[in-house]
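One chain follows as structure tokens, the form predicted alone.
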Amino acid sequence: MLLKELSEAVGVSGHEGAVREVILHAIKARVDEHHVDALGNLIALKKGYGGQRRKVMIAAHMDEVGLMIVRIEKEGSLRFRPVGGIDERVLLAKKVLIGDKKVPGVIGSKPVHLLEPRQRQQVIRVEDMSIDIGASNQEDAANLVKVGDYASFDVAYRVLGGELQAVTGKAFDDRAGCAVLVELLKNTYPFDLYAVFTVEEEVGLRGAKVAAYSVAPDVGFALEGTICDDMPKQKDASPTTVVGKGPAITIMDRSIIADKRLVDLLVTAAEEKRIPYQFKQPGIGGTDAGAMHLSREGVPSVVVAVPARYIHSPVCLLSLKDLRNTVGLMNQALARLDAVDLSR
């Protein structure tokens, strides 16, 4: 799969071009048509066989959370703000790459030795952090970067192995979904499949809203890399998802109540083919399906996700077994989709 190349490509929300090029190179020989719309979504059509009129849209977002430079200080440090939802606790001492030149930098703040006792008990705010690129002054820094440049985490993809066949890297939310969608385009289906690699999901599902209006699908699937909470806890609590337990099917999150017919389709396909699956804990997160299902007259939609630890942070972890099982589940569900009555 393309996961390594996708993970290491830089694609902070609003600047997804490098990711789009990786995907386009991988799929252009497999699809009948493709184009990039005004917002930057890559929309690819794979025509179906059998004469079905149903249009199926499968979305996976290309963008990742990151940072944007908002000011260059006199001494040469860079002030920044988050793009997308990032926990401030994960930022300090992380390496970043800035702008198209990929200028290296490191996020810093006041040394712990100089903090007041009460300050040591508090999370340092983004406003009190800066990026150090080794510049001696403002002019020196301005020769390398400019206000408005994006910064992405500088993280290489690594294979950990083990029973989980675990890998780590950045932006598995949602390069995992993109990798699954690329794999699905290896097959042909009895309906027209619109594979949509969306932009700006992390800042409000913007690309999916535009793409769904344009495609006007009859049914929608969103592919995601979703949150886990399966680490040891002091008290017993249900995890959101568990790495290694298979693809996660969404029943409800903050953006959608999934179409029950499509949930049942996924569950039936998984059980008949003995593909492991799990349900994502309801009410958490939001995805492109939130925009798809409200498009035009409404679109029956559902979400299938690869569980990944530490999303929206510099380093994520997932199981390649879960990734492959997500591809398998989607292929089995799509093969059965024509038997699902979606009429009201």
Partner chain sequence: MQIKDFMKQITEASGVSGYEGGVRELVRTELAAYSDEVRTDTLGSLIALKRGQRPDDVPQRSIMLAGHMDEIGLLVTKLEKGYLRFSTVGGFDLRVLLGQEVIVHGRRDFPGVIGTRPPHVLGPEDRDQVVPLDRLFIDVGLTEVELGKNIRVGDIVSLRREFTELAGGLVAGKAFDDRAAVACIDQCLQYLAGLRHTWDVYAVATVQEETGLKGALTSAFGIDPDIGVAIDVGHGNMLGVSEVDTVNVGGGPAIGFGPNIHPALYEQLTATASRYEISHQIDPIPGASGTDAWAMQVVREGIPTALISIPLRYMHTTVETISLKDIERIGRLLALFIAGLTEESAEQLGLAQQSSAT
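Numbering follows the first chain given and starts at 1. Note that the structure is a prediction, hence the values are computed from the model and not measured.
Same protein, other form: the form predicted together with the partner chain, not shown, and the subject of what follows.
Contact annotation for the candidate site: 93, 166 and 312 all lie close to the partner chain in the predicted complex (heavy atom within 4.5 Å).
For the partner chain in the predicted complex, the listed stretch (93 to 101, 193 to 201, 175 to 183, 256 to 264) containing residues with heavy atoms inside 4.5 Å is 93 to 101. At a distance threshold of 4.5 angstroms between non-hydrogen atoms, residue 284 is in contact with the partner chain in the predicted complex. Among residues of the shown chain, residue 148 is not one whose heavy atoms approach the partner chain to within 4.5 Å in the predicted complex. The closest heavy atom approach of residue 68 to the partner chain in the predicted complex falls outside 4.5 Å. Shown alone here, residue 273 lies farther than 4.5 Å from the partner chain in the predicted complex, counting heavy atoms only. This chain lacks the partner; the member of 144, 269, 210, 126 within 4.5 angstroms of the partner chain in the predicted complex by a non-hydrogen atom is 144. Using a 4.5 Å cut-off on any heavy atom, the residues of 71 to 99 that reach the partner chain in the predicted complex are, in sequence order, 73, 75, 77, 79, 87, 89, 90, 92, 93, 94, 95.
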